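What follows is one chain in structure tokens, specifically the form predicted on its own.
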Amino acid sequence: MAGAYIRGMGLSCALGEDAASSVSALQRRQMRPVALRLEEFTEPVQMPYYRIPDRAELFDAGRLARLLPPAARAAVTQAGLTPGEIRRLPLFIGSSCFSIGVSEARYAAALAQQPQTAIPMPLCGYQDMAVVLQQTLGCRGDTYTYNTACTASANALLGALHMIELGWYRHALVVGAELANRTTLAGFSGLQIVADALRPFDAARKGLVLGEGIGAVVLSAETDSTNRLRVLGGASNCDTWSVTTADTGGKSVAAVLSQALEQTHLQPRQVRAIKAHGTATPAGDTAEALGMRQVFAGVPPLSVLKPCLGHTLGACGINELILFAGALQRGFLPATPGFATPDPALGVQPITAPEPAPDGHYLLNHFGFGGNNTVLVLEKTAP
């Protein structure tokens, strides 16, 4: 199959406010969670959080309109698209929060002025990000939004890839965005799966640590003389084992891994390494580890990025793709901070020091609430 090339990338996350500095911070293993305490709830919410270092008030409703354009412009500029190509550029957007923060701010204002008529969550805002991007870039192409929990932007990328392969588009801008909001923070706190630190696949893992990030990728049917990264394909499935996780026996994870390999005509032995989802929740890591062991006789080297930028939920597909792709371009597999003690029940261990990243094929795992599972296949080739 043809796949599509990564022509441009833009990123703003806890590691930095652009893609290059974020990859450099990843290479140095710089982790920057902050301590949050939300007093406005009956029981105060406390947790570590990986925030974008923009120095703005975390719940400022204007952050979305300020942070989204620079990432998109960086990706489009790096891709070298012509004005005509930008005007026709389709948008594929994945998120699990969209503009909830804006909605919260409007509700708070209404509650202060007219509490008897204030409506919680007065808007959904699924199209708000597309409007901001169109106004920023001057593009007038088709828009698509994906809301499939933590696989949202990974599925947005798959959607863009398939439409490029069908010849519908030559280029596509794929965006993953997740910004801090009280609804998400309180919801995950109530689930009691938030931990003090991320320890993926570790015997002492207790849960996830949330984060925010905005990433943008330009996919193209054409390459250029410097491009070495191609999204070769991928697969997605959904099971009904649980509302909040995939089948902990690994069955659905193994199925989507096998489908991704079959769809890209690869054998398990051809996979150089895996960017694991690695939420550090007891059930999530169990499902992922057992699923990988059912597909691979020997699981390839595992790299987990969440201890460096947090779990960015619906945006993690694009945010982690950008970081992992940037690391591959620089020739290294990122280490996994937070892992210390192997869990014999899992039988897998992420790498704890950077390793060389040779040319070849890499898998990127993404799993979300509702049992939605997505695996992307990335190919790095010689210049």
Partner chain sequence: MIRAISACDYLQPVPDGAALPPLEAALKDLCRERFRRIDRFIQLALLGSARCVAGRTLRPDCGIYLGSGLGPIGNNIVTQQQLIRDAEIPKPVNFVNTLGSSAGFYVARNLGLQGQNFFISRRGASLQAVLSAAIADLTCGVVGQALLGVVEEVALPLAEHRLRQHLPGDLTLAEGSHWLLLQPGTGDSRSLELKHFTKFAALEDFLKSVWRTGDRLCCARSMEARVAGALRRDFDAGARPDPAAAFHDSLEAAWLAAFAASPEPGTLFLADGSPERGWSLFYLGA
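Positions refer to the first chain, counted from 1. This one's a predicted model, so the numbers in the text were calculated from it and none came from an experiment.
Keep in mind that the form predicted in complex with its partner chain is not shown, yet the notes after this line are about it.
Colleague: Tell me, which of Thr183, Thr82, Gln270, Gln113 has a heavy atom within 4.5 angstroms of its partner chain in the model of the complex?
Modeller: After the contact test, the surviving option is Thr183.
Colleague: Between Ser258, Gln294, Thr136, Ser236, only one gets a heavy atom within 4.5 angstroms of its partner chain in the model of the complex; which residue is that?
Modeller: Of the listed residues, the single hit is Ser236.
Colleague: Can you tell me if Ala203 lies within 4.5 angstroms of its partner chain in the model of the complex, counting non-hydrogen atoms only?
Modeller: Ala203: no, not in contact with its partner chain in the model of the complex.
Colleague: Looking in the model of the complex, any heavy atom of Gly249 within 4.5 Å of its partner chain?
Modeller: No, Gly249 is distant from the partner.
Colleague: Taking heavy atoms only, is Gly370 within 4.5 angstroms of its partner chain in the model of the complex?
Modeller: Gly370 belongs to the contact set for its partner chain.
Colleague: Would Val132 count as a contact of its partner chain in the model of the complex, using a 4.5 angstroms cut-off between non-hydrogen atoms?
Modeller: Taking the distances in the model of the complex, the answer for Val132 is no, it never comes within 4.5 Å of its partner chain.
Colleague: Please state whether every one of the three residues Phe59, Arg73 and Thr223 places a non-hydrogen atom within 4.5 angstroms of its partner chain in the model of the complex.
Modeller: Contact check failed for every one of Phe59, Arg73 and Thr223.
Colleague: With its partner chain left out here, work out from 104-112, 195-203, 304-312, 272-280 which stretch has heavy atoms within 4.5 Å of it in the model of the complex.
Modeller: It is the stretch 104-112.
Colleague: At a 4.5 angstroms cut-off on non-hydrogen atoms, which residues of 124-149 are near its partner chain in the model of the complex? List them in order.
Modeller: Residues within 4.5 Å: Cys124, Gly125, Tyr126, Gln127, Arg140, Gly141, Asp142, Thr143, Tyr144, Thr145, Tyr146, Asn147, Thr148, Ala149.
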